[in-house]
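Here are two versions of the same chain, shown separately as structure tokens and labelled structure 1 and structure 2.
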Structure 1
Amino acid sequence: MDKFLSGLKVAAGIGGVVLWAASQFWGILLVLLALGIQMYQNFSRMDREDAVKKLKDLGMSAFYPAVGILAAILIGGLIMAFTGYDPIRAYGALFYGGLVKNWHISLLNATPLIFTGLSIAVAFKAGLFNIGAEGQYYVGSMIATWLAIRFSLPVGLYIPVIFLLAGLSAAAYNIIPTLLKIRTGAHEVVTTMMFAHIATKYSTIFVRNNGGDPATSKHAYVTDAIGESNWLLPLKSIIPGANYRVHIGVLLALTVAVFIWYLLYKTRIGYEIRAVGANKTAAKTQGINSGRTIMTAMLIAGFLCGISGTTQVLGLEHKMYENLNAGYGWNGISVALLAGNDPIGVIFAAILWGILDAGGQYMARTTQTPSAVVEIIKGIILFLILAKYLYFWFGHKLFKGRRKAARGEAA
């Protein structure tokens, strides 16, 4: 029985991820099934009391986001009704667009966010705030574009080289801020943010110098297109039925997230990173070199942002645009924190973010709701999901009087 369940778990997990990435959003049901089996197996090993307690905790932790999203829907609906838009139709469009109709866009939006979210999460684990992820993303994009425009090898043999070099360059971009942090104590919030601004400003020059030959193109603000053999494989070619724009970068992101989880929780490096992040002094007594660990974490963080940009260039855009304005680095911060810096949580947080973005666009388009209203509703949803103490607080305010009265009677 146990073996059968384990087998089913693995099959459902893999099948679910594949289907899910192939724009069949209900593939997530299979993933949930796999997780459910995992949970059942965990529980069956525990004794009854522990299991009940664990289940109760789980129920509680799910309760708050659930109430949060309902409250957000209510408040957002009131705003819309107040400003003259039909909330039911708008919400229908938001969820239908984000989860069903444009599910592939949600995935495309989530892919770079998974990488940048992981990057920030790894840095956070080491006690550092990699606020300059945007800059490393740009460096990765630029190096990937530069390499992919110039050379190509048949059947995408060159792609791993691009990933490696772009990732390493973005990692190298973190060396100076990290050295400054270790040697002089210059705060990484300042240095990485300044480095991010420098990279984004430089990208304008880069784009101008790498394309838009005015004789052949009217668009000097776009680099030349990269060779087709350097494109990431569309998912369609391995899973028929996938949307043609979704590429294997999605699967790469999921794999990398699992790998980072493994790195953080199952390896010596990960242990050191977490130890330094938790308490530098304690880490030192264990003989951990905190400077070296910080450097390792920041290099990993930079590498992840670099491959985020590379995935975007090779998989989706096939060239680099001036003024990308996507903010994947900045949004990655919220994604990482939304996930509580847990690598697996980052996947879900990034997808939630992607759904809100894609669904928001669908809602704006089909119901002609102004984008400002969509942004406000997005903000409220995120706020209320996170505000788990909101319900304690309300409960406290609501029931304080009653409890006091009861206490009075008892006395």
Structure 2
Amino acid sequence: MDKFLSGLKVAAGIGGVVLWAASQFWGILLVLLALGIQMYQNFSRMDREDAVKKLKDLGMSAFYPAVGILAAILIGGLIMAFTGYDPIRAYGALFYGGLVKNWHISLLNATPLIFTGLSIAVAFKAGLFNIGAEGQYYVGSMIATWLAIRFSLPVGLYIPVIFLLAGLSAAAYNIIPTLLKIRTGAHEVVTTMMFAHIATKYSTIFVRNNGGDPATSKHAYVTDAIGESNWLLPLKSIIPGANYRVHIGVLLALTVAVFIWYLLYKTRIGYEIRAVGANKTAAKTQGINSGRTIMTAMLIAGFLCGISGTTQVLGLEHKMYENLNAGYGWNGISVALLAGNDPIGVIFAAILWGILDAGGQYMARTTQTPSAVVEIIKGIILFLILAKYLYFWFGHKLFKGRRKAARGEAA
């Protein structure tokens, strides 16, 4: 029986990923089936007490996101009804557009968000807030564009080189903010945000110096296009049913998410990152160098944002636009929070965000319902999820106050 389940898990996983990448929403259901089989096999090897405790932990971790999503959909529906729009028709268009009609757009929207969500999650695990992920995304985009325009090497070698150099450049962009954090205690929220503004503003200069000068170019505000030899392989060439715009970067994002999960939970580096994030003082007593660990986490975070930008340039845009306003770094924060900083959860949170964006565009076109409703839903989801932490904080303060009062009465 165990061998049969293992075989079914592998078949469902592979089939699900193929269907998922081939622009078929139903692949997600097979992936969930594979994950369910894996969970069943894990629980079957546990004692009853441990299995029940694990199930309760999983249930609680899924409860707040589920409640937040459902409540946000309900509140969004009420807002539409009060403003004169038909919520049933609007939601029908939103989910049809995001899950069926424009599923390939949902995939393309989710791909960079998986990378930036992972970046934020890794930093959070170390107790850091990499709010400047947007700037690191821009750095990766610029380096990838510049390399793809200026140089040419054999295809099989050059694309990995671009990914490596763009990722390392984005990682290096985090060195100064991280050193300031380690040496002076400067908060990474402030320093990485300032560096993000530098990168986004410099991108205008970069575009103009690489083909987007309005004085000399017929296509102002966009760089020269990169050569087709530097494009990521479209999935249609290996999966006939895939949409022509979907590229192999989709599978790369899934692979990287699994790798980051392994790194965080199965390696010494990941253990040190989580230990420093949980309690820096306790980690120090175990011989963990917190400064080195913080630097490692921020370099990984920057690298992930860099390959996010590279994937967009080589896989989808094939050029870089002025005033890109990608928002993938900022939205990566939302994705990481929704996923509870779990790398596998980041995949599904990014897909949800991709579905809402793609479905929102379709909803606006077909029902004339403002796509701003989608942003309202996103905001409500995040608010309700973050309210969980406020609830725990207030509960802790209240409980602490009552304990002090009880001790006073006893005295």
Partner chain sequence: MEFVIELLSATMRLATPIALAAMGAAVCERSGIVNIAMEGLMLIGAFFAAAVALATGSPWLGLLGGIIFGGLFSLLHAWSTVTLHINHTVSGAIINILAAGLTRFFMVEFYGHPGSSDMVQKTLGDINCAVPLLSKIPLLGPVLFDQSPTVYFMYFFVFFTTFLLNRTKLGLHIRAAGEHPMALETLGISVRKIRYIGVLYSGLLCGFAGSFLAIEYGRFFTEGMTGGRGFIALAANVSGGWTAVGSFVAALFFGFIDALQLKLQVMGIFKIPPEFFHMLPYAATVIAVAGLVRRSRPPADSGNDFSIEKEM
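One-based numbering along structure 1's sequence throughout. Definition used throughout: the rigid core is the maximal C-alpha set that superposes within 1.5 Å between two forms. Predicted, not measured: the structure shown is a model, and the values here were computed from it.
The form predicted in complex with the partner chain appears here as structure 1; structure 2 is the other form of the chain. Core-aligned CA deviation for residue 344 between structure 1 and structure 2: less than 2 Å. Core-superposed comparison between structure 1 and structure 2: CA of residue 380 displaced by 2 Å or more. Relative to the superposed core, residue 365 undergoes a C-alpha shift smaller than 2 Å between structure 1 and structure 2. Taking the core as the fixed frame between structure 1 and structure 2, we note the C-alpha of residue 42 moving 3.1 angstrom. If you overlay the core, the Cα of residue 54 moves by 5.9 Å between structure 1 and structure 2.
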